[in-house]
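So this first bit is one chain, no partners, the form predicted on its own, shown in structure tokens.
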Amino acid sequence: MSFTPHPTAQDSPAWAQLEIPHSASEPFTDYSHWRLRVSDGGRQIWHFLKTEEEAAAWPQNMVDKYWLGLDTGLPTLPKAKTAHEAARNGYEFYQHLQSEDGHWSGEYGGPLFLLGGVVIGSYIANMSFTLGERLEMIRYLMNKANEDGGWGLHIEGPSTVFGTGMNYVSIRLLGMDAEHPVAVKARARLLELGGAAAISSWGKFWLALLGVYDWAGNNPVPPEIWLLPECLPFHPHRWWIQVRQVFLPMSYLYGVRFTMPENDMVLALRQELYVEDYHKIHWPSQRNNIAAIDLYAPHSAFYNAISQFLSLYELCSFSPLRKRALDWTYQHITWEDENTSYQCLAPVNKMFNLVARFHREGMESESWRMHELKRRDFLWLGPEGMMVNGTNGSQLWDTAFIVQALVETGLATEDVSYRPSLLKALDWLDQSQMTENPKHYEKAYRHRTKGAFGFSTKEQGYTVSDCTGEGIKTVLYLQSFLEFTPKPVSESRIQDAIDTILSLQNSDGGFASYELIRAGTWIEKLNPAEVFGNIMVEYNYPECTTSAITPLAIFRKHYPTYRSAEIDRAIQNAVKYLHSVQTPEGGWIGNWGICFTYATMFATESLALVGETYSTSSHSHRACEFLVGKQRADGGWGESYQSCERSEWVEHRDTQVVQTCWAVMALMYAGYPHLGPIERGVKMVMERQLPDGSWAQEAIEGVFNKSCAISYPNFKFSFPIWMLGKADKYIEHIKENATS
């Protein structure tokens, strides 16, 4: 089933009001008719088959059934008596979730502001959704509403104006009547929080594009900042890529003050979103009106002063300069689209890019068609409805971890029936490595990509430090540690990956995410996005640092003559960085997973590379004592996402399987000699294993920018399999040493 893009006006039946049930407990569509198609190196798109004949011709597979929450029909397995048997049972289940092209598909949802951008941007640009997509997006939002009727920044967060405002607009645009009980309750909560006038800056911007918020209520985002000399320490090319690529199209759209034409829906929303009469609101006073519940990173006095100055500039901006700035920012927008085959970095900048391209080129353009085609890569259907993923997926990330787990635990070699799975994974990894630099490279301010792996797919086209590390580490595991695999990734391509990793190390030894650190942390004073912290520049991360240097250590064993001195120095400097950022309590703060258990697992793995263990290193010793001190009576660990917000340990109300696996793996990397905590953790994870070998979904696993949690549901397979398989060998080894 292919989609043929065609423009759809906002007054067409494609956006008409729908009859929505009051309860979202059951699907609004026939889930037996949904199929996930994977293609083109990992693209994953959900299709709804309209007829029984189509459904019969394209049967559902295990991947479809599992992610839809349908019965997989997989058998009950013999109950595991050992950790190794439990790991094996885990993979007996998880192997069925591997897609036909070799990667593991999965959800990457959690943030609740993403769907709003996709819906509003599509509405503005005259792009429709299928009826099934509309119904299931509405159902997802109904299921994710908090008890008070609102929505948070993410699925586990309290209701905010940003989350509630964006998602209220979404359910209305998608077809829910304003008097539907869900809409009534959400609107009441929004008004209790101060109404849309108090929404955060990204929300203000989207609502201004839609025509339900006045541009005078936005702090300036002039495109002229892109014309500043690149040598300036605050030039946008020095910002973190996720901010840079979002504010690029925002500056273009602000520069033209784009607003879609009024229609009945726009007029209705103006009446529904505000505490006071829309036409009586003093919009300039709303620029810094941000609800307290949304305010994670308040504006600095410096930012407010800059905004005041830029507001004065907007009163007398020089037209020829503005035109030149608009042309230059638009050129960068097109470069981003072309560098990523219209996937773009993430859904936020993708949808802003779409609106910018729509403004300049219209609906009959190639750019409109390509954005429509790639927009569906971000839509993911789950048991509770259709969401928007944080990127076009997490394909590389999830595939790398399970393959490494299989190799390290010995499962890769003990059963020949697993070989086809591993060979398919290697084939997919071979095709997923980037072999060239971006089409638009230095001029688009991009880091090198030759040899890199991205978080999702090759097509998306962004180097990520830890993904490059984990990707090439997985290739090395498959090609060097297993006798039955071919070697499709050549030595020169492996060296390209190593070169890229080395190019990403910062002067203090740490590794950031996408690029080198290009500016000082003082630029955080310019952070305009009140809901996120630490977003303006790149930062070093313990997790990225470990993922970058572990493949270097493996590589030098197999290729000892290639850049050996530089690799040794890189590892030594990385360990020094990790020493410097260890907390006084003994842990490391996680920035991409929750939180201390995640980062400490990575850190102790790095320390072990240079022989630092519990018995030889004070850093490793303190890390182990820190984690053991957090173990619960049931043998497990449990952290709340609030640990990331506060940079201090915050207990979750429930013990978590995934975090328990991270903690136990950290202890094993460190060579922790006391088996009690490890055996209790193993016992807890085994007790939570379901009869078919799987584990139930528990709390959200990931985070970004301090405040926003994000889902990694494949972690509940890869890390339990990994930990249990390693623990079986580790416990046996410790016991043998004790008796010898």
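All values derive from a computational prediction rather than experimental measurement. All residue numbers refer to positions in the sequence shown, first residue = 1.
What comes next is about the form predicted in complex with a small molecule, which does not appear here.
- Within this chain, residue 140 is remote from the site of the small molecule in the predicted bound form, having no heavy atom within 4.5 Å.
- For residue 390, a non-hydrogen atom is located within 4.5 Å of the small molecule in the predicted bound form, even though that partner is not displayed.
- In the predicted bound form, no heavy atom of residue 656 sits within 4.5 Å of the small molecule.
- Although the partner is absent from this view, residue 712 contacts the small molecule in the predicted bound form, with a non-hydrogen atom inside 4.5 angstroms.
- Contact with the small molecule in the predicted bound form, defined as a heavy atom within 4.5 Å, is made by none of 171, 266 and 358.
- Contact annotation: the small molecule lies within 4.5 Å of heavy atoms from the stretch 509-517 in the predicted bound form, the single such stretch among 282-290, 623-631, 407-415, 509-517.
- Note on the partner interface in the predicted bound form: the residue among 108, 669, 206, 252 having a heavy atom within 4.5 angstroms of the small molecule is 108.
- A heavy atom within 4.5 Å of the small molecule in the predicted bound form is found for exactly one of 333, 467, 381, 504: 467.
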